[in-house]
Every structure is written in structure tokens, then in C-alpha cells.
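Take a look at this single chain in C-alpha cells; it is the form predicted alone.
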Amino acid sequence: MTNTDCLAPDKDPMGAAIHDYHNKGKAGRLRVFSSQFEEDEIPVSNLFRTYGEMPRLEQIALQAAHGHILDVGAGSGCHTLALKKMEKDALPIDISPLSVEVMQAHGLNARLANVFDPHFIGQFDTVLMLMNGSGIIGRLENIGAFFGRMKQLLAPDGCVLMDSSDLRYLFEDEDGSFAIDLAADYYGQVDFRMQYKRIKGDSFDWLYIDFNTLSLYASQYGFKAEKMAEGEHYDYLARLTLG
């Protein structure tokens, strides 16, 4: 799969889980595998959380979102639904056809689209990228393409609201120092693969980026990075603006 493709139904475990939960009120195990971590599981009910159930960083982002909003990787549409209750105008997009179907069933004007696809066009005052939204960049080598797309999609004075985490805590020694191999690949680049029932997704890259690195790259591509808030465990919410 290229970084502009959408998912085929037989390669869309998260979409299948979202679809089941929407239609049946419950879902099986959404399993997550990585070469760097032990097997994990995403509680599917978390993907349908209400505003009151969202982490503080997400609530701050939704409050700050303004104008014509693009909700990238919208999943079940929970963030767009919360924005709708705030009487804000948002377009949710996702690469999962099953997720888009669920959002449309909720009355949202959702579109099947990949934000990196040059055929997807629009002018947005806020581009919203939540739930470790930096992940869709994949790898640091893609960050130039990411900022290039944001320049195309942002309206004048627009902003990107994106959360991420600094994975340095995984390398913390008992004395509080960090044993990070600077000669290796950037430590925030992770590979994941998901499985739901018999549906196995392809492996994909996911980027967790520390704020200092994000700020450095932002300035290289004509953006300014502002840390709006910090979470409880090395996570943060950033605001990216042109100039």
C-alpha cells in the first residue's frame, strides 16, 4: 500500500471492529502487533468515546478547533460528533471504507480519502489529527511531504492541531538517564499490524515524535510549532501554523 491508498475491506481490521461495534453494540478483540513491543489490544469501545470520556488533550484540541475543520483519520467519527454538538463545521475523512460507512450512518458527511492523496483538495481553517495523530506521517523521511500537504490544505491563518508522544521513556535507566542509540533510526518510528477476528491488516509505520524534533522540522518547512498542552505521560498537543 502506498501512502495515498485507501484500505481494502479484507485488509481493514479496525474498520471491521468499528463496524461490528456500531451494528451489534459489541466487538471482538482488536489485536495490535509490533516488532518493537509485545502484543497489545485496543478496546473498541474507546473508539466511540464521547467528549466527556476523551483525554484532556483531545478536549483542548476540540475546543480550539475553529472554522472549516478537517478531521483526519476520523475512525468512528467521535471527534466530529463532538464538534457537531459544539455547532462546529467538520469534514471527517478516513482510509477505511467500513469506518466511513459507520460515520455516514451517524449522519456525518464523511469521505473516503487519504490526506496524502493529491486528488483530495480543500481549504481548512483547522486540520485535526488526534489519537497520536502524528502517526500517519509514518517515518521522519515523510515529514517534508506532510508539511507540503498541510500548506496545500490550510486556509490563510489556518492551523494543524496534532497530538503525539515522546517514546524516550522506553529507554529510561534507573538513574533517570536515557540510553538512546543516536546512530540508530529515530526511536519514535514504530511498525504496527492489526488483526480483528480473521481479518489481518498489512504492517504499517507509525511516527511518535517528540516536540523538539517536531519543532525543528516545522521551522525547516516554514511552520511554527507551539506546545499547547502536555499530558500525564510524555504526550502533548501541538499547534502548527505557517510562518
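Each residue number is its position in the shown sequence, starting from 1. Being a predicted model, the structure only gives us computed values, none of them experimental.
There is also a form predicted together with ligand SAH; it is not shown, and the following applies to it.
*Asks:* Establish, in the model of the complex, whether Leu91, Ala110 and Met162 all lie within 4.5 Å of ligand SAH, using non-hydrogen atoms for the distance.
*Replies:* No residue of the spot touches ligand SAH in the model of the complex.
*Asks:* Out of the stretches listed (44-52, 209-217, 31-39, 62-70), which one is close to ligand SAH in the model of the complex, meaning heavy atoms within 4.5 Å?
*Replies:* Going by heavy atoms within 4.5 Å, the stretch is 44-52.
*Asks:* Is Gly75 close enough to ligand SAH in the model of the complex to count, meaning some heavy atom within 4.5 Å?
*Replies:* Although ligand SAH is absent here, Gly75 would touch it in the model of the complex, with heavy atoms inside 4.5 Å.
*Asks:* Is it the case that Met14, even though its partner is missing from this view, gets within 4.5 Å of ligand SAH in the model of the complex, heavy atoms only?
*Replies:* Because a heavy atom of Met14 falls inside 4.5 Å of ligand SAH in the model of the complex, the answer is yes.
*Asks:* Contact between Leu153 and ligand SAH in the model of the complex at 4.5 Å, heavy atoms?
*Replies:* No - in the model of the complex, heavy atoms of Leu153 and ligand SAH never come within 4.5 Å of each other.
*Asks:* In the model of the complex, does Ala82 come within 4.5 Å of ligand SAH, counting heavy atoms only?
*Replies:* No, Ala82 sits far enough from ligand SAH in the model of the complex that none of its heavy atoms falls within 4.5 Å.
*Asks:* Counting any non-hydrogen atom inside 4.5 Å, which residue from Ile143, Val127, Leu98, Val115 sits next to ligand SAH in the model of the complex?
*Replies:* Checked against the cut-off, the match is Val115.
*Asks:* Though the partner is not shown here, which residues of 117-145 have a heavy atom within 4.5 Å of ligand SAH in the model of the complex?
*Replies:* Read in sequence order, the residues that approach ligand SAH (within 4.5 Å, in the model of the complex) are Leu130, Met131, Ile136.
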